[in-house]
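The chain below stands alone, shown as C-alpha cells; this is the form predicted on its own.
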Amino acid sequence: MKSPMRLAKAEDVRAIGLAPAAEEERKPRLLAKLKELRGSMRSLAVMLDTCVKCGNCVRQCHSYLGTGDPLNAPPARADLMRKLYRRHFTLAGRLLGRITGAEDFDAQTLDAWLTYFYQCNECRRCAVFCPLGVDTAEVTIAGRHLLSELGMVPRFMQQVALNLQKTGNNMGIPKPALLDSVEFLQCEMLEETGLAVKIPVDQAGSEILYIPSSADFFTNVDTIIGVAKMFHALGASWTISSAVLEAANFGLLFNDSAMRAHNRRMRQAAEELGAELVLQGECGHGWRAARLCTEAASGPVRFRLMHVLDYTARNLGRLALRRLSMRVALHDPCNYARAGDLIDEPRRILRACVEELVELAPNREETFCCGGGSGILMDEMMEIRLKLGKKKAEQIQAAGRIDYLAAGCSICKAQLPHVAAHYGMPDLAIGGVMDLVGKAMDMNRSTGGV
C-alpha cells in the first residue's frame, strides 16, 4: 500500500532549513543520521532491541484495528526500522544478515517508511499494554525525523513549518489580522456580557503568557473566549504574543530541529515580555513538546510552565460557574493521558460546568486516539484518517445520547467532526473544555477575583 500523502518539493523543504538528499546520497545519509540518533536517543535503541513479538499491542492498536493492514500492527511497523538497525548496528545482523531478520535500505523500504510511519498516530497506547513497555511512537518519531533529514516532508507539515517560521503560528496569521480578530472577539464578548473582556496582545510586564492554538482565532473561537473570560474573572495579568501564537509544535512530529526552534521561540517571547508563568493552550502534542522538551532541549527556563486546564482546575473555587443542562462526554487526548499528566483536571472542570459527565470506555491512560493525532490532518489522508478514527467512533456511539463531546486538543477538534459525520453522528457538537468554562461562567458574579 503506497501512501496518498503528498511530499513537499525540494525548494520548499529548503525553505524550512532542511537539505534534500539526491537519490544516491539517501542511504549513507540515513545511516549516518540513524547512528547519531542511536547515540543521542537511547530510548530508540531500547525500543528497537526489546520487542519479543508477543502480539499484545496488536489487539490494542486503533491503526491496525481500523485499517486491517498487517504493517500497521505496532511490531511490524517498528520492524521497518528494526531490520535496518539490525543490519548495520548489531553484530549478528552484520554477520548473518537476513537470518537474524536484518535487511538493507532500498527504495521499497523508503516507500514503506513514508507510508506506515505516517499511519501511526504516535498515540503510545501500545506502550500501555506492552508487558515490556515498548513504545512504537519512539520509532515512528525517529523515522519521520530521518525522512525529513533526507528532505522528505509532507507538504502539509512543510507549510505549517513555513507559516510558523514567518508568522509565529501554524495558520500564517500576520499581526494585523490577529489584532482585527482580537478586536472582533472583544466586541462579541462585550455584546454578550456587557463587560470589557480583553485579549491583550504583546503586553510587556504581564505575569502570564498564554500560548493558544492559532485555530482558536478562526475555527475554535469559543476556546479563546472561554480562556479570556476566565482570566477576566480572576483579574489575571496576562497576554498573548504575536511572535508565538501557537501551542502546537509540529516539529515534534517530523523534525527534531524544528521542534527545538519552536520551543526556543516560546522561551524568547516569555523572556521579552517578562512573564513568570507560561500557560499552554488546548493542544495535546504541543503540551507534550513543551512539558517534556523545553528544558530538556535547551536548558533551564526562568518561568513556570503549566497547562491552561491545570490552571483552570486549580482556580475553580474562584469562578462562579453554573451547571449547564448538558450530557457531556470527555475525549482524553492521547498526549494528555499518556504523556502530559492531564487526566483529572478536565474532569474536575467539566463536573463544575455541566449537569452530567459521561465517561467513554476505555478512558484515561487507555483512551483511543481520535485518528488525527501526530498531525496527519492532510486532506489527501482523509480516507485513512477515517479508518484510524473507527475505534473512537465506536466509543462515542457506545456512550448513548450525548449533547457535546469535549476534546481539549486542537488536532482532536479538527479530526473528530469528520469521524462523527462519517460514522453516522453528523449533528454531534464537538469543542474544547475551555469552551464550556466560558459558557458556564456567570461573569458578573465571577469578576474581580482575589
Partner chain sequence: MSYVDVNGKQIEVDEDGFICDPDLWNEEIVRCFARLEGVDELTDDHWKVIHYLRGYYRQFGIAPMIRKLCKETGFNLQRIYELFPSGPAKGACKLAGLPKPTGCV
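Because the structure is predicted, anything quoted here is derived from the model rather than measured. Residue numbers count along the first chain shown, from 1.
There is another form of this protein, the form predicted in complex with the partner chain, and it is not shown here; the text below is about that form.
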item	value
Any non-hydrogen atom of residue 26 within 4.5 angstroms of the partner chain in the predicted bound form	no
The partner chain contact in the predicted bound form: residue 414, any heavy atom under 4.5 Å	yes
4.5 angstroms heavy atom contact with the partner chain in the predicted bound form for residue 222	yes
Heavy atom of residue 418 within 4.5 Å of the partner chain in the predicted bound form	yes
Interface segment, criterion being heavy atoms within 4.5 Å of the partner chain in the predicted bound form, picked from 290-298, 268-276, 167-175, 76-84	167-175
Interface residue in the predicted bound form among 88, 348, 260, 155, criterion: non-hydrogen atom within 4.5 angstroms of the partner chain	155
In the predicted bound form, the residue from 354, 160, 228, 142 that sits within 4.5 Å of the partner chain by heavy atoms	160
Heavy atom of each of 64, 344 and 423 within 4.5 Å of the partner chain in the predicted bound form	no
Residues of 172-192 having any heavy atom within 4.5 Å of the partner chain in the predicted bound form, listed in sequence order	172, 173, 174, 176, 177, 180, 181, 184, 185, 188, 191
